[in-house]
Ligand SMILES: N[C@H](CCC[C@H](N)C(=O)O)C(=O)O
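Given next, in structure tokens, is a single chain: the form predicted alone.
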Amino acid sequence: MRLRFTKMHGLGNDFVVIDAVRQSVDLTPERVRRLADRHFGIGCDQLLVVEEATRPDVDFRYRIFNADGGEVEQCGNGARCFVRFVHEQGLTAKREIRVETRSGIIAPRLEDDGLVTVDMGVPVLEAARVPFVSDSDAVVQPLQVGDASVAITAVSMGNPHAVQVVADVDAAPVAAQGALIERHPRFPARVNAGFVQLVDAHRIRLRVFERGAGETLACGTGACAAVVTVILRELAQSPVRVETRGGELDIAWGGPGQPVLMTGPAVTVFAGEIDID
């Protein structure tokens, strides 16, 4: 199978984007893993697929596959790249579109300054719906990780996140502890592990160990979940600038029951074709 693709990134969180509207695409987990391989394929954190809408009230369907081949519900940095891709490729003339994902509808918008704002929807805070195994919906909950007990906040932004506040994000045990949290039995769908450092009331620093991808340079839904966490814990106020290793995102949230708005860049790197068995 020969595939046309575009390589894109949002703050270094990189993607292979495939147009399944104008070409036939048959993806298997093995093919996704091969495309995502940085030595033998194209290389990416996630693979994004643009498909025709399956319902009349949206413009496109958006599918996301992690580098390990698993399909997931949501990707915020990918959503920004998605709207730039369909606009640059002439698939739509709209600057704001409605897109269906496995977790619901999102609305990304191209701004006049070249950045992209995405309405990421209302965060889910009920433990059972994250999903997180707990008999409480408390904002801060203990989680036993190896020999340590850490205080986490469980949030879903269409995909599950376990966010903890740390004193120094550079010294946080992201690789070791993140891998344990990702597959923790109290998160039956696995989870993205976020480590957030408070800078001031409107700025945080963030690292995320992503489910199925490991630590990435930036995580859009992780940034949203981190801001929800620090606002719920009364450590920060909206809007919040999130510093990641790949750059900065601006997140605004009005509180429980309100949608999270994420603004940041989306960049096209190159386009090409690849033959894959």
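In this text, all values refer to a predicted model and were calculated from it rather than measured experimentally. The first residue of the shown sequence is 1; numbering continues from there.
This protein has a second form, the form predicted together with this ligand, left out of what is shown; the following refers to that one.
Undergrad: Counting only non-hydrogen atoms, choose the one of 207-215, 29-37, 49-57, 237-245 that falls within 4.5 Å of this ligand in the predicted bound form.
TA: The contacting stretch here is 207-215.
Undergrad: I have G76, N192 and C219 flagged as a candidate spot, so tell me whether each of them has a non-hydrogen atom within 4.5 Å of this ligand in the predicted bound form.
TA: Affirmative, all three are within 4.5 Å.
Undergrad: Is there any non-hydrogen atom of N159 lying within 4.5 Å of this ligand in the predicted bound form?
TA: Result yes; N159 sits at the interface with this ligand in the predicted bound form.
Undergrad: Spell out, yes or no, whether the shortest heavy atom distance between V116 and this ligand in the predicted bound form is within 4.5 Å.
TA: Outside the cut-off, so no.
Undergrad: Residue-level question: is V155 within 4.5 Å of this ligand in the predicted bound form, judged on heavy atoms?
TA: Contact check for V155: no, nothing within 4.5 Å of this ligand in the predicted bound form.
Undergrad: Please tell me whether any heavy atom belonging to V72 falls inside 4.5 Å of a heavy atom of this ligand, as the geometry stands in the predicted bound form.
TA: Yes.
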